[in-house]
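Just one chain is shown here, as structure tokens, and it is the form predicted on its own.
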Amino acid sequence: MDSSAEAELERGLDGLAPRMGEGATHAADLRRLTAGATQEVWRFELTGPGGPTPLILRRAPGGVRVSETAVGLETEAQLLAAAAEAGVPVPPVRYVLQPEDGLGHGFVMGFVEGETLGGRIAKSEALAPARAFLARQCGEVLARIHAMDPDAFLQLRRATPAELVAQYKAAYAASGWPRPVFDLAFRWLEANCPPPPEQMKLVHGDFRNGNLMIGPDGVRAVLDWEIAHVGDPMEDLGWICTNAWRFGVVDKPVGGFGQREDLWAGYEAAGGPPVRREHAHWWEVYGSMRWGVMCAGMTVAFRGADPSVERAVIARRTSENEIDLLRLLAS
């Protein structure tokens, strides 16, 4: 974004200051954060009676480039508000951008202090005490998410395990590059696919190390709800165990910081349904397949509309998922 567009965005937020906080008068010190692969993430200061308050703007790229696969930022804001009511740690939503604001699609939320970089969460000495209980706490948080009412979000996509496999198989075919390991993984997933769950639950869809704000006290906020949907709750428990999100600490399958048994125990103790181990394994295989197909798809994006370094680097990680899949299928 050029400086003039950034200045225009800051002026727009300044004009919205009274709507973002009682007695607020100004919004200033706008700066873009490096986080956010698909959305813009900005930090700014809101001046009010109690002094400056840091806030975060989460906005569609340019305010207008809305993803076809995301739930939409307005729905994401609604999900955050509902999650807060369900006892899920999330940033508080302060304001949802309106068409008349002229700033595009997005919302403003409270700033939460903590660490989101997955490698630091898995390895930092400062967070070592939190890692002792973090896997169980993640299970407890997921149980609260899955207790949210999916019927409150009829706009969300509904998908069974078989439908999700078919979706990614089609995406793999569209990449136009044969990968024998992916072919093998898809055959295994289809042959061992669990039936639709007895009760479809609200699924976060990207609950993993890297999308959690962590402090010494554990999970402070669950971030990035943009691919939430309704489906099998086991999907979330498998995704956080996918090797890609262990950041090199492969002996701790839950995000590189804990064990599966602790995750499952926390989930069940907080009201989640009993975890079937064979289904948990299936969703872990699915997770590596899903991320592998997503990485492979970055090649198409890099050669087309988005020739960025980020797309190229992620595309190169496809082979890592092939290795993960072979290990999982042999276990």
Partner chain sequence: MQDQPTPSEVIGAVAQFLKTVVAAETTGAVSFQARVAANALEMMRRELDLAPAEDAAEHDRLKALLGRDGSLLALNAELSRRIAAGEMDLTTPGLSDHLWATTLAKLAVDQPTYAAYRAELAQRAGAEGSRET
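Residue numbers count along the first chain shown, from 1. Keep in mind that what you see is a predicted model, and the values were worked out from it rather than measured.
FYI, the form predicted together with the partner chain isn't displayed, but the following is about it.
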{"query": "The partner chain contact at Ala244 in the predicted complex, heavy atom, 4.5 Å", "finding": "yes"}
{"query": "Contact label in the predicted complex: Asp14 to the partner chain, heavy atom within 4.5 Å", "finding": "no"}
{"query": "In the predicted complex, Pro195 touching the partner chain (heavy atom, 4.5 Å)", "finding": "no"}
{"query": "Partner proximity in the predicted complex: Val250 to the partner chain, non-hydrogen atom cutoff 4.5 Å", "finding": "yes"}
{"query": "Site check Arg179, Arg316 and Ile323: each within 4.5 Å of the partner chain in the predicted complex by heavy atom", "finding": "yes"}
{"query": "Asp101, Asp183, Glu261, Glu74 - the one with a heavy atom within 4.5 Å of the partner chain in the predicted complex", "finding": "Asp183"}
{"query": "Of Phe111, Phe107, Tyr172, Phe153, the one that lies within 4.5 Å of the partner chain in the predicted complex (heavy atoms)", "finding": "Tyr172"}
{"query": "Interface segment, criterion being heavy atoms within 4.5 Å of the partner chain in the predicted complex, picked from 221-229, 89-97, 157-165, 184-192", "finding": "184-192"}
